[in-house]
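Just the one chain here, laid out as structure tokens, in the form predicted alone.
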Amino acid sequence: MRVRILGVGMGPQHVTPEVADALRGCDYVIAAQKADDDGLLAARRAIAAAHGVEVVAVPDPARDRDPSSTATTAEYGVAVRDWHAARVDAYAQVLRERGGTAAFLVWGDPSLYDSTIRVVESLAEQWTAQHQPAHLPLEYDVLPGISAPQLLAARHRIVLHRVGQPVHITTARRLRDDIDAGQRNLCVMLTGTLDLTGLDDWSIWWGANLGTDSEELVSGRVADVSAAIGDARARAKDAAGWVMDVYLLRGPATHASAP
């Protein structure tokens, strides 16, 4: 058994030659189906079809979601772990039935805020425990893709960090804690609701559905562009049926920080 974890950016135009070659060597793609009209599943089907590979759609297990900011980190972690475990069981059944080489197509790059590597690690552990010593272990590898922060920087023609300074990559859920801890240059992913209260003088470079037909871009001082971001976010969701946004948020420059 072999599994290949392939980063595909935001669609067929971002599939690298390395990933394309690996995909053509796979027997099928395993993909979660989150709804009957799952736009992201449709995009995965288009990528797979372009390389002559079928998609096995697996109904995505239900996840306990608490959208409020009051959900603790521990509660969130438990919910995600349970969801991952259910995914492992569902995907393991497909692997047992089909064998061969399977691929998972990961939006953006597998290294950033994606659970596929962790899920496949658990799959491999489960597979080894259940099939030793008569069968070979499940092997897997990872190929990179174009990430959302890369696309964001390219679209806005910016560098993600000030000269000689770091960029902090985080999630919207952790944004306030990170700002309170002193972070002033943040790339924010996994946006549920966009809450920029109290950050009027900060600068933002925002993008949604990057690299797709429903792409939206807004930049400027937060107080000046918040309404425009809300409108653009709604347009992206109306056009695609989903919205995935990412943004760079930068505090006002000080004498100690370069632009």
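When you see a residue number, it is the position in the sequence shown, counting from 1. Only a predicted model underlies this, so the values are computations on that prediction, with no experimental measurement involved.
Although it is not shown, the form predicted in complex with another copy of the chain is what the next lines describe.
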{"item": "Output flag, 89, 93 and 125 jointly within 4.5 Å of another copy of the chain in the predicted bound form, heavy atom basis", "value": "no"}
{"item": "Touches another copy of the chain in the predicted bound form: residue 137 (any heavy atom, 4.5 Å)", "value": "no"}
{"item": "Contact test in the predicted bound form: residue 174 vs another copy of the chain, heavy atoms, 4.5 Å", "value": "yes"}
{"item": "Partner contact for residue 101 in the predicted bound form: another copy of the chain, 4.5 angstroms, heavy atom", "value": "no"}
{"item": "Residue 85 within 4.5 Å of another copy of the chain in the predicted bound form, heavy atoms", "value": "no"}
{"item": "Heavy atom contacts to another copy of the chain in the predicted bound form at 4.5 Å, residues of 185 to 205 in sequence order", "value": "none"}
